[in-house]
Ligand SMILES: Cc1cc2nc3c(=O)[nH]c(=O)nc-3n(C[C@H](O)[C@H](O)[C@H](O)COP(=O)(O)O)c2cc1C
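The chain below stands alone, shown as structure tokens; this is the form predicted alone.
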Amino acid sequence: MNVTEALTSRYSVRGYLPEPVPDNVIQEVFDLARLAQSGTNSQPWHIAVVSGDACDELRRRLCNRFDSGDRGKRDFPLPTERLPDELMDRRRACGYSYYSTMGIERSDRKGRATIARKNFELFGAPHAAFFSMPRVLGLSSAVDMGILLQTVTLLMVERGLGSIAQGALAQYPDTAREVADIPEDNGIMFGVSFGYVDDDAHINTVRMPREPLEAITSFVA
């Protein structure tokens, strides 16, 4: 498999088999991901992987927080300003595609909450990873974290694994720290649930479109 094949076949997997990924495969993915580029080679990242009983305990604690109505407090707060209309339209289309595939109407608040809870169930994945960086760092280092994330997800596709990047896994950083081994001075940016894909899970039929080239790129000669 080449990079193009991995990129065009990758999608956000929301249904997993319970079978764990062998430790040597997980270690190989993250060992190779170390080669991702970063500004001034700062390599600001840390990845905390949780598996087995620890992953089950993490899942239980996260769901308890969500079920209690606790909205958590992120290490890196989300922007408070309204997104530009163009981006809001894409976000709404994403939500509509997801919920409609699962047969949930916009007015179905309980159904929407059930779907949101799946984030904290880790979508049934047997593994999760928390991506963190020192809290003192800013936007340029966040770009480095995104590069690392893409590197990891493509390496997983190459090895027949599915994954989903989740901003939601940054919602309860204190709970994550109770289970995962995260450096004290780091803030969690996002998480990734991963494992073997359940091809029979209806939720895995969800696909999100991309804007055409001319909508996102300009060329000057």
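These figures come from a predicted structure and were not determined experimentally. Numbering starts at 1 and runs along the sequence shown.
Omitted here: the form predicted together with this ligand. The next part is about that form.
Peer 1: With the partner left out here, check for me: in the model of the complex, does some heavy atom of residue 98 sit within 4.5 Å of this ligand?
Peer 2: Yes.
Peer 1: Taking this ligand as it sits in the model of the complex, is residue 182 in contact with it (heavy atom to heavy atom, 4.5 Å or less)?
Peer 2: No - in the model of the complex, heavy atoms of residue 182 and this ligand never come within 4.5 Å of each other.
Peer 1: With a 4.5 Å heavy atom cut-off, would you call residue 25 a contact of this ligand in the model of the complex?
Peer 2: Because no heavy atom of residue 25 falls inside 4.5 Å of this ligand in the model of the complex, the answer is no.
Peer 1: Can you tell me if residue 201 lies within 4.5 angstroms of this ligand in the model of the complex, counting non-hydrogen atoms only?
Peer 2: So residue 201 does not count as contacting this ligand.
Peer 1: Looking at 48-56, 65-73, 161-169, 34-42, which lies within 4.5 angstroms of this ligand in the model of the complex, counting heavy atoms?
Peer 2: Of the options given, it is 161-169.
Peer 1: Which residues from 85-121 come close to this ligand in the model of the complex, meaning a heavy atom within 4.5 Å?
Peer 2: Contacting residues: 94, 98, 119.
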